[in-house]
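Just one chain is shown here, as structure tokens, and it is the form predicted alone.
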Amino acid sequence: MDMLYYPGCTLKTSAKNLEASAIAIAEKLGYKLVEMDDWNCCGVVASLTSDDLMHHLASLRNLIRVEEQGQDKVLVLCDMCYNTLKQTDIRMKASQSDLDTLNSFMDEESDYKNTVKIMHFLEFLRDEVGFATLKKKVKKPLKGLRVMPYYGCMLLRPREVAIDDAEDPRILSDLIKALGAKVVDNPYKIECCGSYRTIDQKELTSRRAKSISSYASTHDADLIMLSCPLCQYNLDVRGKEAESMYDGYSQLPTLYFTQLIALALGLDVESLGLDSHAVDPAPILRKRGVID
């Protein structure tokens, strides 16, 4: 079954391993992820003010493209893209006046008819595939692997876009259990990774990475599972840099949820881009018998 998906910019650059692993596991589950035509950047951030419609234009253009392809649903892999597209979708459905204004402004585009449902790939796996079904497809249960789920901000904030309970989310923990691994819960799992301060205050972001990971390390977690490319960069790259800031500190490796699923489904390790991580996850995966 074909499923339309929106990649966004990062999946074509620093998060290619997220896209590749998502496509691979979808195929294993009987779905083909079809990249939507003529997409553009999501706009990166949604407007935070009620009188600012301009920052919804980029997202709305993408939703128009979905309708132009005759689809009423689009899957999104990147948390930031999901959050941005979803906030535009919510606003357009809440205000016909705002939608009319933007449709009028984009006079060379087709009018958006407000028919598109936006789903994060995690939602799709939970709500349409089902974690119980996914569990039956597991070829290599991740027994012995201790995994900390990390949500960050974009999946859970603001509440109207959240794919789970904003204060006590379970979706990643439920997924980890379905794959046969052990969940190491962490009170820092919904803390911000430092976001774009990684550009102008690298040391601050490195400190954030350490604070998020230290609890997991002291509770014997093997790695961190996450879904956001920005969080992955900050906890991986900036976390690695934190090692030179703190004597004796060792940053935990990170994996996208799609990479961990791919491992449990027995897919080719070479296609998962593990060598692109600043903190190499391969040693702990070998130690736990997940890879050879």
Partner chain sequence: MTETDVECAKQDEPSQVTATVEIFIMGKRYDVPIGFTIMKAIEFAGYQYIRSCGCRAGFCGACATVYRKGQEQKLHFALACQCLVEEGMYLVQIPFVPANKALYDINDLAPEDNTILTIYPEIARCVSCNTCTKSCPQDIKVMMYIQNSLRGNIAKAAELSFDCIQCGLCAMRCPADIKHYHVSQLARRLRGKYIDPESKELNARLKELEEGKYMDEVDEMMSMDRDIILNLYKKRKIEAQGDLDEGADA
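The structure presented is a predicted model; accordingly, all values stated were derived computationally and were not measured. Positions refer to the first chain, counted from 1.
Quick note: we don't show the form predicted in complex with its partner chain, though the next part is all about it.
Visitor: Report the stretch among 54 to 62, 241 to 249, 257 to 265, 24 to 32 that approaches its partner chain in the predicted bound form to within 4.5 Å, counting heavy atoms only.
Guide: Result of the contact check: 54 to 62.
Visitor: Does any part of N40 reach within 4.5 Å of its partner chain in the predicted bound form? Heavy atoms only, please.
Guide: The answer is yes: N40 has a heavy atom within 4.5 Å of its partner chain.
Visitor: Examine C9 and determine whether its closest non-hydrogen atom to its partner chain in the predicted bound form is within 4.5 angstroms.
Guide: It does: once its partner chain is placed as it appears in the predicted bound form, C9 has a heavy atom within 4.5 Å of it.
Visitor: Even though the partner isn't displayed, in the predicted bound form is Y196 close enough to its partner chain, meaning a heavy atom within 4.5 Å?
Guide: Outside the cut-off, so no.
Visitor: Please determine whether D200 contacts its partner chain in the predicted bound form, using a 4.5 Å cut-off between heavy atoms.
Guide: Judged by the heavy-atom cut-off of 4.5 Å, D200 is well away from its partner chain in the predicted bound form.
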